[in-house]
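Okay, so we've got the same protein chain twice, two forms, each given alone as structure tokens, structure 1 and structure 2.
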Structure 1
């Protein structure tokens, strides 16, 4: 009980929660990062250096979703998520965009192996960490179907 009370007393007041999509290794103090963090008087260069260091294992220009929690004392912390499932599906399928009429028009096909590989990458995300791999695969298959991409057992 005393630990919970101490944690509440040491909690810092939050000024804002900022959600951005920034290319991996490409955070610069220019827009969109600069104006978003500047209005809360956060240290732009510290964020850019930390973000670029955390995302250096990804290929450049991979869109990374980042959630920044800005505190009233001008400090911040952030979490970086892996790219969206739709981005991975488009890369694996080699298409620029999904179908204009999903369910009627099939753009391309993907194998179950592709789905499994995407699911393994997504399992490292903080929000998918405790989800079973099968559930993540089902979610990816649903996303692919809504993009007009058919999932097959093996590619011919």
Structure 2
């Protein structure tokens, strides 16, 4: 309570918001982390050590979605989310990339069961916890369609 109030009073000016995908436990100062954070003079090694420590519980190299808030004094905060929806979709569908012509060319199909499973995992993300599962499912289906992956009732 007091901490939150204090934080608002001493809220630092934000320089930038950076989003990127980093393998769990595998952050290194090289690209893409290097250029993305280095531009804003953020301490690369501190980020890597911190990120790697906080993602120890995930399977190594799982791509995690990271959002970094860089403050003007070169300090930063970050949040780590479970892999992006498109990563799950690709993994469930067993494909490497989406379709080159989504809407015209379907690469593969997934069942609603997959959508449900993915939604359940994404619901554990912060910012998603209070979203109804149905909304999350809709969003996943939208992403899948834009990748040229069709959702069907059952895979037979």
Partner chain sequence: MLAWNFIKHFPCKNLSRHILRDRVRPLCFCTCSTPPSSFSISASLSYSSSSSSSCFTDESFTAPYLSVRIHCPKHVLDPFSEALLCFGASSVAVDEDIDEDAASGSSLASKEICIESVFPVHEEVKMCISQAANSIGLKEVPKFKVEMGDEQDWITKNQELFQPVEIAERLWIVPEWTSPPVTEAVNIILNPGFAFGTGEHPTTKLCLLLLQSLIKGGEAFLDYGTGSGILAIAAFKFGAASSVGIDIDPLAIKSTRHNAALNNIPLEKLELHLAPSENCSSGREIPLQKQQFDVVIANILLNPVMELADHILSFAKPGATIGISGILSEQLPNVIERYSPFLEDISVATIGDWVCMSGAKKGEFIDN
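Under this definition, the rigid core comprises the largest set of C-alpha atoms superposing within 1.5 Å between the forms. Just so it is clear, the model here is predicted, and its values are computed rather than measured. Residue numbers count along the first chain shown, from 1.
Of the two forms shown, structure 1 is the one predicted alone.
Across the conformational change between structure 1 and structure 2, the residue of 135, 49, 81, 26 occupying the hinge between rigid parts is 81. As a two-part rigid-body motion between structure 1 and structure 2, the smaller part of the chain turns against the larger by 22°, taken from C-alpha fits.
Core-superposed comparison between structure 1 and structure 2: residue 146 shows a Cα shift of 8.1 Å. Taking the core as reference, the Cα of residue 117 moves 5.9 angstrom between structure 1 and structure 2.
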